[in-house]
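For reference, the chain that follows is the form predicted alone, supplied as structure tokens.
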């Protein structure tokens, strides 16, 4: 039986700390099925974060505090004056690594129970990889009973022995401690952690995509993260340290304009694929240090697109190389879903299809109802997915696994001892 993370009526917040923006959703649990109502939203430009890593504790803490405060103000009626206590946070993909283990459990002709699965997961957690890495997810991805493979849910089946294939996701301890320090200094406790592309996938994928095989590419400001789903579970995660900010920097350098103007040009006129009218359309590009009106500087849109396209191609090529090196082969599937703020660039989907040779669609949060229109786009998929994670997948949290793997009463302990020793 899957344990509920929080009882009905509880308030929980999701906090997505990114390179370019920080966003917070405060939600209230409306029933015992894990459904949430979003009652507060806050988001603002990030500070003190570069490439998913904290580089200035004070600036990051201030930005987090302001974002959470904005969400609290919006949710004031629901929270009745009580301050927010617990948050679910994202782990940037650049700090996460996938590890695969198998754990064998003796069933000895008995019926497979939840306790057996939890024991196998706890045993896999004992094989933790290295002291400088912290365990984030423990995900059972496949079962074998008496040599019979491909079992999705072994509960209720009989057999002598069971092997559980488990996907462990770990994070860099130092980087996680820095993020945790920022949050704790904002007087908040971390209730759970989830890798960013995993959360984005949970928010934006439909069931069939998760089952048949799908790759989520979460394109953020400083990091592009990858999550591969198969059989309803996360089976692989990776990241590359390139994102939307790198495109903006390329534009600023190529057109000798400021970062702010480069971002404006990218947002208003940018595209990942050239069109026939680009040569005829002129853009006014203010030069660094010059009076905008005294020295107008017009460049064709084709020049802007010519700067953007190679960088976006490079991102997709790096993702393709990581997927090829993963050793997953056909398990990856032919479906790709793009999420993240940087995925909203026009033409990105078509370029992705050409480079990756897969079907590509743009993903947005579809599992969380009642989101305000301003925060229901791809840029907020991770924030929404953090809430989905705690409501549907909290049994993959390492401490939950350990807590639930212990027998609950004397009778269960005796039964477990007999099974393991006789």
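Residue numbers count along the first chain shown, from 1. This structure is a prediction, so every number in the text was calculated from the model and none was measured.
There is another form of this protein, the form predicted together with a small molecule, and it is not shown here; the text below is about that form.
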> Looking at 186-194, 245-253, 330-338, 158-166, which lies within 4.5 angstroms of the small molecule in the model of the complex, counting heavy atoms?
Replying inline: 245-253
> Which listed residue (238, 263, 72, 134) meets the criterion of a heavy atom within 4.5 Å of the small molecule in the model of the complex?
Replying inline: 263
>> Under a 4.5 angstroms heavy atom criterion, identify the one residue in 130, 277, 324, 267 near the small molecule in the model of the complex.
In response: 267
> Does any heavy atom of residue 309 come within 4.5 Å of a heavy atom of the small molecule in the model of the complex?
Replying inline: no
>> Is residue 203 part of the interface with the small molecule in the model of the complex - any heavy atom within 4.5 Å?
In response: no
>> Within 4.5 Å, heavy atoms only: does residue 219 come near the small molecule in the model of the complex?
In response: yes
> Using 4.5 Å between non-hydrogen atoms, is residue 345 touching the small molecule in the model of the complex?
Replying inline: yes
